[in-house]
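As a starting point, one isolated chain is supplied in structure tokens, in the form predicted alone.
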Amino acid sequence: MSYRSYPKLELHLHLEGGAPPAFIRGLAKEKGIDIHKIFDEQGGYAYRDFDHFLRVYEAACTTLQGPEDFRRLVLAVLEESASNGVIYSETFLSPDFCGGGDLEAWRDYLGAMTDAAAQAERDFGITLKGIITCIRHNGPEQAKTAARCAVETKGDFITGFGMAGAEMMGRPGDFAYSFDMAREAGLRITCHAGEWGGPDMVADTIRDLRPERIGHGINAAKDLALVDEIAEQGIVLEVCPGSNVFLNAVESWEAHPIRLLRDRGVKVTVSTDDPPFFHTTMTREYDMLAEKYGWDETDFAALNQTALEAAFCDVATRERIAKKLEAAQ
């Protein structure tokens, strides 16, 4: 059986990383940009390892040059998500890719994306919220620029702040100023950690940045005392199994620690990360969890409930999504 039509919530999705390859190829053709080397013979994205993935990702983003491109991107990504049963999504947005961190330019980009999100909700029945992320390998000073953009444009759509990028660049505490700025403004906090770094990176992130959610976090499983601490604190992990397997962050689905983490009481959710880059969808994530671990609708209802409670949205939105889930039972 396939879980394509089963309603799903997704909390860890990079907007540009959700861009269908055909969409990026189309933009490149419109603008006369030659990025043919980032695609394989089948038309998908092609890269060798995580560092090369980051370069391919950034090359794809060179086609996204203005607010209208991002409006079209949001619609393309949300149409694909909705076709896989996603009814609520949170996506990572970086001002670095939208006007280079200039606040007024960022407002223009944000306006286009907000309009597209409203259209997607009308047309596809999917609700979107935005989490602004600084890019770790761009350094702490650039992170402050992203945080200022987040603080100045927080509201119904921009509800959180986080950090993505090359995890092994610097330490979490280097970025504490930006996270404190965002938190004091009332933004909810998440941060990538423990995808490539060890348990110490997860522990340092929790201590220095105080997130309520962690993106990935899977390497915490190498320190069971830390796992128990995460469970006790109620920190939610945004787990992306298909991404972890595809990038060889873990050896296989069978070796993935999501089941261990959940069994020890950690609140876990499931997401796709950068779905076309990793040849996955939310349908495939659910189908693989069912195939590899025997998880069923009871397990998936629990995952959705965890995601709903952890979502960076207002009470009215949470209640509306809860009603959608109840109607689908």
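Here the structure is a predicted model, which means the values were calculated and not measured. From 1 onward, residues are counted along the sequence shown.
There is another form of this protein, the form predicted together with a small molecule, and it is not shown here; the text below is about that form.
For the three residues 50, 53 and 274, a heavy atom within 4.5 Å of the small molecule turns up in the predicted bound form in every case. Checking 74, 187, 164, 110 for any heavy atom within 4.5 Å of the small molecule in the predicted bound form turns up a single hit: 164.
Between 285-293, 266-274, 35-43, 22-30, the stretch whose residues reach within 4.5 angstroms of the small molecule in the predicted bound form through a non-hydrogen atom is 266-274. Although the partner is absent here, residue 96 is not a contact residue: none of its heavy atoms lies within 4.5 angstroms of the small molecule in the predicted bound form. In the predicted bound form, at least one heavy atom of residue 195 sits within 4.5 Å of a heavy atom of the small molecule. Although the partner is absent here, residue 57 lies within 4.5 Å of the small molecule in the predicted bound form, judged by heavy atoms.
Taking non-hydrogen atoms only, residue 278 approaches the small molecule to within 4.5 angstroms in the predicted bound form.
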